[in-house]
Ligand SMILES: Nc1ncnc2c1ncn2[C@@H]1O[C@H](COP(=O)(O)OP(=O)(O)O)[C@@H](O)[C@H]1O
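Read the single chain below, which is given as structure tokens and is the form predicted alone.
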Amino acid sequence: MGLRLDVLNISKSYDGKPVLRDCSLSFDKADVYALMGQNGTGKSTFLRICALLENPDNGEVNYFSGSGIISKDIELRRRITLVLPKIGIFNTTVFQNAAYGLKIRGIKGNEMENRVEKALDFVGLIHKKDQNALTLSSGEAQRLGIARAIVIEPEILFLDEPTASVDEENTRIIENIILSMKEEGGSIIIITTHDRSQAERLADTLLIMRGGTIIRS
């Protein structure tokens, strides 16, 4: 059995202003979960806390494998990943950008090359593998961010507003990428969006962030 995530009564405030209030949720199936809500409702904060990039003020974030809680160490962090709306791109080729996560995990040679090319092909960028990544459009850059995430084969993938500030064509491509990952199965995918129609197209489970609390649609 792969990773499972349990969030229990987490709260978070910034400068005394509550953003999350007693949020509890379990992610225990290899499904796509869509967290909807207007900008500023706490969706991104929730994702960063789940991805272990921030700590909640109160509550718990626990990862399970089997029946046991997993330590929040580097090994766990390498099994999950978060793609932000505006990813950081290195001043090197598309291939080298996509290979970064594998390199820091010590994966090299033919295995690295095969996995990177598979990921780039999956997101429709294999023909640009030798191009400098800084020359990509914003939509292509977002697809590169997804490739850089899936190349490490995460068990839980967080996508924060994956089509924000992306043109219509790349939005369609990114949605198809998510649908293809959903069809392949094996990973929990948690996305945030303010677009309900997009959430309904992509997700198995719809969730709404309202007043700092998550409710099921």
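Throughout, we count residues from 1 along the sequence that is shown. All values reported here derive from a predicted model rather than from experimental measurement.
This protein has a second form, the form predicted together with the ligand, left out of what is shown; the following refers to that one.
Asker: Applying a 4.5 Å heavy atom distance criterion, does Q38 contact the ligand in the predicted complex?
Answerer: Flag for Q38 set to yes.
Asker: Heavy atom to heavy atom, is P162 within 4.5 Å of the ligand in the predicted complex?
Answerer: P162: no contact with the ligand in the predicted complex.
Asker: Just checking whether L206 would be counted as a contact of the ligand in the predicted complex - the rule being heavy atoms within 4.5 angstroms.
Answerer: No, L206 is distant from the partner.
Asker: Decide whether S44 counts as a contact residue for the ligand in the predicted complex under a heavy atom distance cut-off of 4.5 Å.
Answerer: Flag for S44 set to yes.
Asker: Heavy atoms within 4.5 Å of the ligand in the predicted complex is the criterion; list the residues of 16-30 that meet it.
Answerer: Result: K17, V19.
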